[in-house]
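A single chain comes next, written as structure tokens; it is the form predicted on its own.
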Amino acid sequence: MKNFINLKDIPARDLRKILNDAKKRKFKRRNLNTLEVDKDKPLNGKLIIQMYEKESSRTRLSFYISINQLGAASITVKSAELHLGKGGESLADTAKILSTYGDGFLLRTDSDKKIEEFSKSLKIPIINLLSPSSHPCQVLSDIFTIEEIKKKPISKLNICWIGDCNNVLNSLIAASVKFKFKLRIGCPNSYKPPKFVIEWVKKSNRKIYILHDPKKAVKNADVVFSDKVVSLNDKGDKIKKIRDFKNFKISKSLMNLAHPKSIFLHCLPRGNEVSEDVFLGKQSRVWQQAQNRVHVQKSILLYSFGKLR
């Protein structure tokens, strides 16, 4: 049993095994329908419990498909329907109940502490579907997509992020350390990654490049990443944030500064941080990026259950 919570805590060799397995599984499914089960049925008879405390479209749907293709069943519970520290039941007690009924627990939450507390008491693997500081399933799938398109290891590519410092960027930074790729971050000065993240990168003998000019950040990049600048749950001054990021919009003219064969990725949903002609243009691979979530998440599940081939 292995948890999948933060990329920085997972050995690079294990992350590579997940990607290799996902590649094989995607190839073998090329003639199967969406809910046809993989021939080896690696999770046959397992019950996966999912809980979402935040909105979800791609993660919820892709994991539903992933679980079914592996031969397992899933049930989605709402946090409001469980005690979760209320009515005299502690999180530890809830974790023991989940461990009794299910074989794996998937959590999308607004609390890093909650994931940590669950991981200490669960007797079944937990997978982080998204937390305030991390979005590991998204970023590992993105790396799969990049290598699939570019047909080379990500370590040989220049990766650029234009946008806010959020959970997706935190996981991308962790991935840059694990996979040893060059990462340039373009953001306003007051939105750069927190000090503890930068310190962890230094302790890992790696370096990230933080630039406050989007043109310099994107220059010759093979991949340009972005995310919604103002999220649904953003509690800050949204008007000020939009103003601060005014010059960081990913336009066609900005993409022209990247490598001629560069691609654009966005974890969705999108906002005003990218122009329509870029998002729907030839360089955009956002739909392939979203679809690949299914394949990589299947291999993440197998990793957590100790069943990687």
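For clarity, every value in this text was computed on a predicted model and none was experimentally measured. Throughout, we count residues from 1 along the sequence that is shown.
The next section is about a form of this same protein that is not shown, the form predicted together with a small molecule.
For the three marked residues, L130, S231 and C267, a heavy atom of each sits within 4.5 Å of the small molecule in the model of the complex. The closest non-hydrogen atom of V168 lies within 4.5 Å of the small molecule in the model of the complex. Partner contact region in the model of the complex: 223-231, out of 150-158, 188-196, 112-120, 223-231, criterion any non-hydrogen atom within 4.5 Å of the small molecule.
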